[in-house]
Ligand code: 5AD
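Coming up is one lone chain in structure tokens, specifically the form predicted alone.
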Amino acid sequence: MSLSGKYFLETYGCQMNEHDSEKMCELMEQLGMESGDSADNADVVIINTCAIREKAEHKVHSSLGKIKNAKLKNPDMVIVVAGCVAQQQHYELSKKFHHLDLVLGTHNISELPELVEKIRKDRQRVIRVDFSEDISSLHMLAPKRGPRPICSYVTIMQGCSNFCAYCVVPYTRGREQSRNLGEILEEVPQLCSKGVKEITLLGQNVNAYGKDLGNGNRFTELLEELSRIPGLDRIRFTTSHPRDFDASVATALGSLDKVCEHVHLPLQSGSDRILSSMRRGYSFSEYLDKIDILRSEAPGCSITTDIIVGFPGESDDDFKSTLTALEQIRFDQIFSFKFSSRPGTKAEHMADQIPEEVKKGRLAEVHTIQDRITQGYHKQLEGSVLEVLLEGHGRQNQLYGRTRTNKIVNFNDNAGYPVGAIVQVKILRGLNHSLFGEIAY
């Protein structure tokens, strides 16, 4: 099978979506298509979607509306919506947007070229959103792409079996499926041979890796095996679920040199009542115990988190518990969101929905506290020398990279270090969202 012409791919959402898009690009280019820079002159347009937040969903509808004019000018154009919104709203999308040719679910990425060719030939619209017990695209060895040439994503599992009350992931990506350990250990050396120095292991719940395989493989074993690969300098992972996070992961962070000292551990709320309503599977005190273990086993590890404000039934006291949690734990950084009701989740029909203005005000309070904490951490780093992996060129001819604790550093370099070099940088200024420094000679 071969295709011709240009394709244009637009991605919304998380790192998992970005990596899925890399796989779709590879599939299209293996069949002879070239990447284009605009939907207006493309023969195939692919929109890879995210359903975690309502805002991302609205972007998809907006993009489909804009593409309609391009389709009128080029009736042979094939328009594809893939990803979580496609999985969740396949019928609604097909009914509303008559110029949409293919709705492709999260388990069906590997079928993309075949279905595009079929649509080109038969001129019939297709919906393909079947879940599979063995996701074909999970086994793909995707090449390195993207703006950070020495960093790459590696999917180790897909889906989630936790069914938190607010989350669509189990419905849009299915239950947890882990990738075979041997496949991962085959892919990473190939990436290293192409110049990759740092990998980020991806999964909706990486701490649960291997539990569904039934062969005894676990996440910490994967970290140990990857740490032995020559040419690989750094290993990161996301996301960890607190319920499955245990001391073995904290020990790996503190003992394996290539595993970077950064953990993203979503708390979501500081209130036990709200955590229970969210069906998170842990109490605040249990979460604190995991933080204590992490800071004991991996001193200096940066900890980031997610916070949701305005979950149904969240009282003023519940919200104050979250603010107290921020002050008590002092995360390096947080990603905070107003609760967004997602179709099909338990929280969609919960009573006591919080007014939008209340959610907006609470989110502003969270930002005020966390901005102060993050700025404090950054100010404390002034004068210190940190190891930075040089990732590329930023603004004003500066270079940029990340510390092992995942902090962005911009700096000047007159020595001509190549991208991929690990350099020592003296921090001169701690800014709101990044650090600024100079090479420490």
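Just count from 1 along the sequence shown to find any residue number. Just so we're clear, the structure is a prediction, and the values are computed from it rather than from any experiment.
Keep in mind that the form predicted together with the named molecule is not shown, yet the notes after this line are about it.
- Although the partner is absent here, residue 342 is a contact residue: one of its heavy atoms lies within 4.5 angstroms of the named molecule in the model of the complex.
- Contact between residue 166 and the named molecule in the model of the complex is found at the 4.5 Å heavy atom cutoff.
- In the model of the complex, residue 266 approaches the named molecule with a heavy atom inside 4.5 Å.
- Contact annotation: residue 111 falls outside 4.5 Å of the named molecule in the model of the complex, judged by heavy atom distances.
- Note on the partner interface in the model of the complex: the residue among 211, 258, 338, 99 having a heavy atom within 4.5 angstroms of the named molecule is 338.
- Taking 409, 52, 389, 46 one by one, only a single residue has any non-hydrogen atom within 4.5 Å of the named molecule in the model of the complex, and it is 52.
- Comparing 35 to 43, 52 to 60, 392 to 400, 377 to 385 against the named molecule in the model of the complex, the single stretch with non-hydrogen atoms within 4.5 angstroms of it is 52 to 60.
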